[in-house]
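The form predicted alone is given below as one chain in structure tokens.
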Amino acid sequence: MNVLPHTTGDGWESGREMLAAAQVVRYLAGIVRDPLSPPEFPPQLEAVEGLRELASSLVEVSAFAVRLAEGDLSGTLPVRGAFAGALKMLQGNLRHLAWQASRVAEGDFSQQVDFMGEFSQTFNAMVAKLDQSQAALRASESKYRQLAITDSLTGLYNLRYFFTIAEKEFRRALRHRRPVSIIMLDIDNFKSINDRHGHAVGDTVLREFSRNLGRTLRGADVLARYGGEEFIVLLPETGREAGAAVAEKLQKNVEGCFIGLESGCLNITASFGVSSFATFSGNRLTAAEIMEQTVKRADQALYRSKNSGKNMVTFLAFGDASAEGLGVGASRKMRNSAE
């Protein structure tokens, strides 16, 4: 750029040249101070070679930098050069950073920043901290969710969760016309165990008994603590014979289970009641009603086992009303748990 178009070397011309140079500096300074509203191009500087082009570039670069500083990443900068290139790189980095931040907001904590110097360390540390916090929160949610559906002593499902699963299974059984069975069981003479050995031993018996039951059942079966020393098992896709066979296998396993105590080994037994639903023709009951009736029959069958010498399995068919009035505790508890 030549700001001295008419130099002659005398003092008068030197004064004009200095005045012109000062006007150029003031004009360019005005652009830098307010690039979004730059001053009008001074007509008296039209003769300054390259000044208009320089001013135009300065306006574009300065305005672009101002928009970046305000967070507007949508602009374009046609100007070339080292400074313009640095601004374009900054714009690209900020756009990528905005995209990474959106990914983090959606739960993708794999995002890492390897540009923008010290800022990248802070961003990466923040993402790592969020990842740790989310992992801790998920673990906490899982823990409390598990606590909400399990019995604290035995770790088995609690009654409310059992019937939530059971009602779904009975609906599925009714829809697909598939059998389903219920086993009710009760540790024999449990009160005498508590009276003789204390409640701590009684708790140990309940835990060991629960583990033994869990090892015997299939993965699809649902085992829950019914309350006290009572337990209940849901057997999907299982009819009368198979349901009774499972109960007999459980009975044998319990009978052969010895629980070690400081005073020796304790052998326990249990009584079982089984009922199945597999009669679909002519059925007018809902899934909930079928479930309640099946549990009631299994409870009545358990009552018969208890009153027939204990340590045995009794089966009652879904439609067998011969035990009406007996062992209705189960269905009563079931209704209470659903309230």
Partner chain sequence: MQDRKYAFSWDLIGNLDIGRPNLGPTTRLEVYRLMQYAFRDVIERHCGTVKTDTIFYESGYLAGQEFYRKFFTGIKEFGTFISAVQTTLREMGIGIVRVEKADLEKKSFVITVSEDLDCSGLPELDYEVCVYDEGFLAALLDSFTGERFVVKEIDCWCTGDRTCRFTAEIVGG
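Positions refer to the first chain, counted from 1. Every value quoted in this text rests on a predicted model; they were computed, and no experiment measured them. Between two forms, the rigid core is the largest collection of C-alphas that superpose within 1.5 Å.
We do not show the form predicted in complex with its partner chain, though everything after this point is about it.
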Name the stretch: of 251-259, 172-180, 108-116, 229-237, exactly one has residues whose heavy atoms fall within 4.5 Å of its partner chain in the model of the complex. 108-116
I'd like to know whether residue 95 contacts its partner chain in the model of the complex, with contact meaning heavy atoms within 4.5 angstroms. yes
Using 4.5 Å between non-hydrogen atoms, is residue 80 touching its partner chain in the model of the complex? yes
Report yes if any heavy atom of residue 154 sits within 4.5 Å of a heavy atom of its partner chain in the model of the complex; otherwise report no. no
Touches its partner chain in the model of the complex: residue 211 (any heavy atom, 4.5 Å): no
Give me the residue from 264, 198, 71, 85 that has a heavy atom within 4.5 Å of its partner chain in the model of the complex. 85
Could you tell me which one of 220, 89, 125, 135 places a heavy atom within 4.5 Å of its partner chain in the model of the complex? 89
Rigid core superposed: residue 53 CA moves 2 Å or more between this form and the one not shown: yes
